[in-house]
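Below sits a lone chain in structure tokens, taken as the form predicted on its own.
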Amino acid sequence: MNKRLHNNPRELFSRHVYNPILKPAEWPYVVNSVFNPGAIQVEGETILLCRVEDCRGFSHLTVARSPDGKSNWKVDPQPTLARSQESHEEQWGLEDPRIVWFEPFESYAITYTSFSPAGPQVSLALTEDFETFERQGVLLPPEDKDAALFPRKFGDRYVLIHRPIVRGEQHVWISFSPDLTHWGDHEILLPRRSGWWDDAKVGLGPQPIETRLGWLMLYHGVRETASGSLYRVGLALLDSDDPTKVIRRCDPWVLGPREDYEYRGDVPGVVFPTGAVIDEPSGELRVYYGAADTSIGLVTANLEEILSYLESC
């Protein structure tokens, strides 16, 4: 492996030269901010399902499409998935989607945070074309967010990564269900680490990614500083057959706020990844993230270098 990368894990990812790749000023209708997108590859086209906050403070989800996942984005002219007027849990909007191709249903599964006076909770919608959506409702009660389904069953059960608030603590949890309605065998998957860069809270980044070594998991970690919360990104690797087993977890963060657009925005000092796509021919990993809760950035990495680094952890 490249020794420079081994010595400096924060060089694993490279920011795209035209970051931020999507900004509020480029939106086809008036918005306050655009950030935290889910990502998926569909027939050679990259689809981002972006969180968009309007000027009332409510969020909805809008699709942006690109032939290469980097440029020439085409944004839907109006909200793609807006808050439902019939759904109490979406009263205050939809936030932070993660997307997987869901083998059991042969459709795309979108887990997102539905927000209401009851608090944030995890909801699910299914789609085949990112034009029409079938809402499945709430999976778990509030307060809970940062969730993604694994793309396939383990045995006869569905598996969900999420981040509830339990006893005031915010760790990454994993849960199991026979039917996507009844959830059990809840356990902490990735705890926050007191005194570390991820000591305040941790949460899932993009959807889990299956690799030759196991499930690649990017996560965000938060540290409270004198000037506010600082959001950075870490790496972990889960066992291929038993995702409750954490095989590797890197000690340092691999990506953190550095550029002006990551510090200047509604929430400064935030790098918040929610979507990832692998280009199979080149092995390039593209990670899409919210920058300062205001715009969308893109970083790229070589997947094999990521796995080699994790093996050394």
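In this text, residue numbers run from 1 along the sequence as written. In this text, all values refer to a predicted model and were calculated from it rather than measured experimentally.
Separately, the form predicted together with beta-D-mannopyranose exists; it is not shown, and the next lines address it.
Student: Answer with one of E90, D198, D96, D144: the residue that has a non-hydrogen atom within 4.5 Å of beta-D-mannopyranose in the predicted complex.
Tutor: Filtering the options by heavy-atom distance leaves D96.
Student: Have a look at I47, V254, V270, L285 for me and say which one sits with a heavy atom within 4.5 Å of beta-D-mannopyranose in the predicted complex.
Tutor: Contact with beta-D-mannopyranose in the predicted complex is made by V270 alone.
Student: In the predicted complex, does D293 have a heavy atom within 4.5 Å of beta-D-mannopyranose?
Tutor: So D293 counts as contacting beta-D-mannopyranose.
Student: Taking 4.5 angstroms as the cut-off for heavy atoms, does Y231 touch beta-D-mannopyranose in the predicted complex?
Tutor: Taking the distances in the predicted complex, the answer for Y231 is yes, it comes within 4.5 Å of beta-D-mannopyranose.
Student: If contact means a heavy atom within 4.5 Å, which one of 245-253, 65-73, 277-285, 32-40 is the stretch that engages beta-D-mannopyranose in the predicted complex?
Tutor: Contact-bearing stretch, as computed: 32-40.
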